[in-house]
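Only one chain is included here, represented as structure tokens and corresponding to the form predicted on its own.
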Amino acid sequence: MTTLVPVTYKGGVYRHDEIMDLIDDLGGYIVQKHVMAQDVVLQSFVPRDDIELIRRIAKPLAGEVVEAPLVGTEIAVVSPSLEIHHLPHISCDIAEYLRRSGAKTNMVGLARGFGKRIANLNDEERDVINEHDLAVYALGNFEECIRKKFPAIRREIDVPIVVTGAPDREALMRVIDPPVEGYVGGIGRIMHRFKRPEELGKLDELVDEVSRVLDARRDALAKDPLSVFPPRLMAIIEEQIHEVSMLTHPTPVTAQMEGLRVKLPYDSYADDVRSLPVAEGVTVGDIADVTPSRMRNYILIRIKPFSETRILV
């Protein structure tokens, strides 16, 4: 089986359609396309053995191809609140930096995340966070506050968690109980956006930690592969449900590690999605659970593993 790896192509608008056709011809998938003035960014999955071929063809077009391990993931950036007294600047920087590395990020500002004694997580926030591949908790400056508050705002969160805070990594590992999958220290609450080299270095460290956690999750999924590769199912949905092309969202269909988020109303389109053919005699409903999302009544698709369906598309 060909191994598909996530990459990002950055280049000019001129002749970028040749790169898109090449990726398609090689059996790859384009997850997202950004056009900004005269520049274009393609987030894609391509065969590992063909990366150098794409680089050679992109070079005359002044294009650049880089591996981007966060492509095809959706990450929740969780802040105790987005009010000014919690200095949400860093949460915005984290979300933007992860986005530049290929992830689709959503900001989650908790309704009752403030206060050591009263901090809490409501059911809707819990469900929304659990619909993502990973959650980054942007915490504050004081060890005692983190120690008392964090257990309440991570209650019943099932996805991997990476915690950031002003204390160093060792201190975060000491005060957070039960432990989480990743820690990045030295990112606390500040009153400005990250600009200095040492600050941007911390964001690079965060990207590396998130990539490490997600790679571990990919390794676990590889032991029991999904019935269909999420970007492949994404291409099928975009081709057969024409209303998707009319949506104004930047990502009308968002790829995740174990499924998709389709930004169409669940009540109107869920049955259409379930009945879509993905192979001869196989529909989406046969290989995936199609459920309502807690985010704006979108459609959430969770692809079943091969061991459950005995189907591999």
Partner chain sequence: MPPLNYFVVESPDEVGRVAYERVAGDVLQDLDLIKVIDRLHIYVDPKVPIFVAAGLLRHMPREIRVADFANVNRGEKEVVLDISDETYLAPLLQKLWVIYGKEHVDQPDRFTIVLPAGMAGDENLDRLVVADPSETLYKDVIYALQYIAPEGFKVRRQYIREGKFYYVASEDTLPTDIVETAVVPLFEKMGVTL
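Residue numbers count along the first chain shown, from 1. Every value quoted in this text rests on a predicted model; they were computed, and no experiment measured them.
Although it is not shown, the form predicted together with the partner chain is what the next lines describe.
Taking the partner from the other structure, the partner chain in the predicted bound form has a heavy atom within 4.5 Å of a heavy atom of Glu143. Pro151 falls outside the set of residues with a heavy atom inside 4.5 Å of the partner chain in the predicted bound form. Taking the partner from the other structure, the partner chain in the predicted bound form has no heavy atom within 4.5 Å of any heavy atom of Glu96.
When contacts are judged by a 4.5 Å heavy atom cut-off, Gly109 does not count as touching the partner chain in the predicted bound form.
The contact with the partner chain in the predicted bound form, taken as any heavy atom within 4.5 Å, belongs to Lys116 out of Arg232, Arg218, Lys116, Arg169. Of the listed positions (Glu205, Glu199, Glu238, Glu181), a single one reaches within 4.5 angstroms of the partner chain by any non-hydrogen atom in the predicted bound form, namely Glu199.
Per the 4.5 Å heavy atom criterion, the partner chain in the predicted bound form is contacted by stretch 117-125, the sole one of 207-215, 173-181, 224-232, 117-125. Residues Arg189, Met191, His192, Arg196, Glu199 are the members of 176-213 with a non-hydrogen atom no more than 4.5 angstroms from the partner chain in the predicted bound form.
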